[in-house]
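What follows is one chain in structure tokens, specifically the form predicted on its own.
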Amino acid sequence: MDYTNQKHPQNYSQMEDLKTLDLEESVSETIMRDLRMIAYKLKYVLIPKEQEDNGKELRNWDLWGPLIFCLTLAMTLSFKADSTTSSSKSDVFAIIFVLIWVGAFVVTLNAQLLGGKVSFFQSVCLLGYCVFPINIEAIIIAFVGSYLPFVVKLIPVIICFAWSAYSSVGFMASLVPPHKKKLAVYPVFLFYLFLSWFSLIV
């Protein structure tokens, strides 16, 4: 199949429409297409203001991005963990992996109980993509943290926590009635706060 004359999709919905043409594409083309979808959605985490006009694109959920960022964070923190302590590298990996998926489930369930109209996978997708800033902070601390005092390491932790929380709170708050927004976003703050703090103390 000739892909050279196809127009580049302008949004995620158009990229979804191209799936009907994917039966004859190679494995490498499939992987590259999925990576482009992940990069497209990641833009709404990197630039949260984009959500105001295009937040609907985040409702077209996928789990590849959240899985990649979850595994990256878990591997980074397990690599950083001191294997001589009671918390072994495998324990750290398991804690982070389970925490992200269970935490996303709890946050989603809370939003639904508050009357929010959101599917489980939509919420997990959003929360998973918003873990990306914490990945950045964890990688920075893993490589240079041993040379920095605790107060200095705290700076990227605070910045990336605020980045993750800000990127997700606007979307989550829009899903519940106005008088219940605080109850909906509170677990989101706790979710990213724990991940950020854990990445600092491991």
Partner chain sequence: MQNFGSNNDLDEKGHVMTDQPKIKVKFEPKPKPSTCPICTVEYYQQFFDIEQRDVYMRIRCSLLSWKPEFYQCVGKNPDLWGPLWISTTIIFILFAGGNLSRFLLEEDKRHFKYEYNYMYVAVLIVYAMAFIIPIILGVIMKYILKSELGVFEIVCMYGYSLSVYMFVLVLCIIPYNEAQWFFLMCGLANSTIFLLVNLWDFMKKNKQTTLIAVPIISFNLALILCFKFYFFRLIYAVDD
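Residue numbers count along the first chain shown, from 1. Since we're looking at a predicted model, the values are computed, not measured.
Not pictured, yet referred to below: the form predicted together with the partner chain.
Novice: Given that the partner is absent here, does residue 28 sit within 4.5 Å of the partner chain in the model of the complex, heavy atoms only?
Specialist: No, residue 28 stays farther than 4.5 Å from the partner chain in the model of the complex.
Novice: Heavy atom to heavy atom, is residue 119 within 4.5 Å of the partner chain in the model of the complex?
Specialist: No.
Novice: Looking at the partner-bound form in the model of the complex, is residue 72 within 4.5 Å of the partner chain by any heavy atom?
Specialist: Outside the cut-off, so no.
Novice: So in the model of the complex, does any heavy atom of residue 127 sit within 4.5 Å of the partner chain?
Specialist: Result no; residue 127 lies far from the partner chain in the model of the complex.
Novice: Within 4.5 Å of the partner chain in the model of the complex, do we find a heavy atom from each of 36, 40 and 46?
Specialist: Not a single residue of the candidate spot has a heavy atom within 4.5 Å of the partner chain in the model of the complex.
Novice: Determine the residues of 169 to 191 with a heavy atom within 4.5 Å of the partner chain in the model of the complex and present them in sequence order; the list may be empty.
Specialist: 178, 179, 180, 181, 182, 183, 186, 187, 190 sit within 4.5 Å of the partner.
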